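A single chain comes next, written as structure tokens; it is the form predicted on its own.
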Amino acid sequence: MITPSVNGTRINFMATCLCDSFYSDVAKAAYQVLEHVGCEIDFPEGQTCCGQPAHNAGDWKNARKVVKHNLDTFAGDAPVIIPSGSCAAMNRHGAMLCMEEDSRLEEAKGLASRSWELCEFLVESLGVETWPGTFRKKVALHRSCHTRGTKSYESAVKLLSAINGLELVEVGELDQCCGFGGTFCVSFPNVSKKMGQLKIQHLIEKIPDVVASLDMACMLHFGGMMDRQKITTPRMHVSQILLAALESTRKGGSV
């Protein structure tokens, strides 16, 4: 996996189809967080999916079409910031695999070098180590499989730990998968369900006020299972917590 480099604070924002279809509030929160740290944000309107569903299903022909579309849509030198660990992983790793025997492989490598998950970008690129505001809640932070090999989880921990009043609670078997795995949950639903149940057990074991995630795909999976099990613990993307803390400073109070 290529470690990205950064050329400045003018960035492209890749909202992902997960934001488009399910989590528009996460896109808005991430956008406002990036504005707060001084980024000049471009939002290419032609953007669609990262291509991961087709890639994970083994349909590399169609995945390659999506990757090529992204190479066109996010052409240039600006960093591409993504509020989802799995989509960032597709840009940084899967896209190059799809293009290994294609004439645009070098472009795919370029996209990989410019793509960042949101929290890792804030901490590792921009050097943000503190965060203003208050969020007086206990938070259980899920570690997504797709953030392995990056500093996304550690970056999120650093940012959340800096927020006044926020308490990060321990999550058992932290590296265990939530069971989603893209098309894995469709191909192996029984295994996926068992994995999800175990993940939920660990996430709520310490009775947090909020379950947080860097990856909306994971949140969609275990969140739906929590709803079906009548588990009412709120789920929030990390960007939403960062924004809530910011808003507490504007209101002169706390969350």
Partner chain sequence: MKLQQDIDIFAEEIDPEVRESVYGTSKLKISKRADILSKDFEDANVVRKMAGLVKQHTIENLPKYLAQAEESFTRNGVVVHWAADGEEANQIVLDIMKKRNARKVVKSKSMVTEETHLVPFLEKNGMEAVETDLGEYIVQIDGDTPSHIVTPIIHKNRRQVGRSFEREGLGPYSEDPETLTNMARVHLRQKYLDADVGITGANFVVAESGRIAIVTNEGNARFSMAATKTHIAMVGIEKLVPRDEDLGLMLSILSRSSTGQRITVYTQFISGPKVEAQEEGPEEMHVIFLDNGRSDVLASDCREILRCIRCGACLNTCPVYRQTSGHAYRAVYPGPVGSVLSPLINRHGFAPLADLPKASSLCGACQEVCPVNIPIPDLLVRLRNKGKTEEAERASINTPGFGVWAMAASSPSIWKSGLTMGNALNWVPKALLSVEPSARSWQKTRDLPEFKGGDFRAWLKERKRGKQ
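The structure presented is a predicted model; accordingly, all values stated were derived computationally and were not measured. Positions refer to the first chain, counted from 1.
Separately, the form predicted in complex with its partner chain exists; it is not shown, and the next lines address it.
- The putative spot formed by Ala15, Phe22 and Asp227 is fully lined by its partner chain in the model of the complex; each residue has a non-hydrogen atom within 4.5 angstroms of it.
- With a 4.5 Å cutoff on heavy atoms, Thr134 does not count as touching its partner chain in the model of the complex; it lies far away.
- Heavy atoms of Glu35 reach within 4.5 Å of its partner chain in the model of the complex, making it an interface residue.
- Remark: His142 does not count among the residues lining its partner chain in the model of the complex, judged by a heavy atom distance of 4.5 Å or less.
- Though the partner is left out of this view, Pro53 does reach within 4.5 Å of its partner chain in the model of the complex, counting heavy atoms only.
- Considering its partner chain in the model of the complex, the lone stretch of 157 to 165, 102 to 110, 170 to 178, 123 to 131 in range is 170 to 178 [heavy atom distance within 4.5 Å].
- Residues of 156 to 193 that come within 4.5 Å of its partner chain in the model of the complex, judged by any heavy atom, are Glu173, Asp175, Gln176, Cys177, Phe180, Gly181, Thr183, Phe184, Cys185, Val186, Ser187, Phe188, Pro189, Asn190, Val191, Ser192, Lys193 in sequence order.
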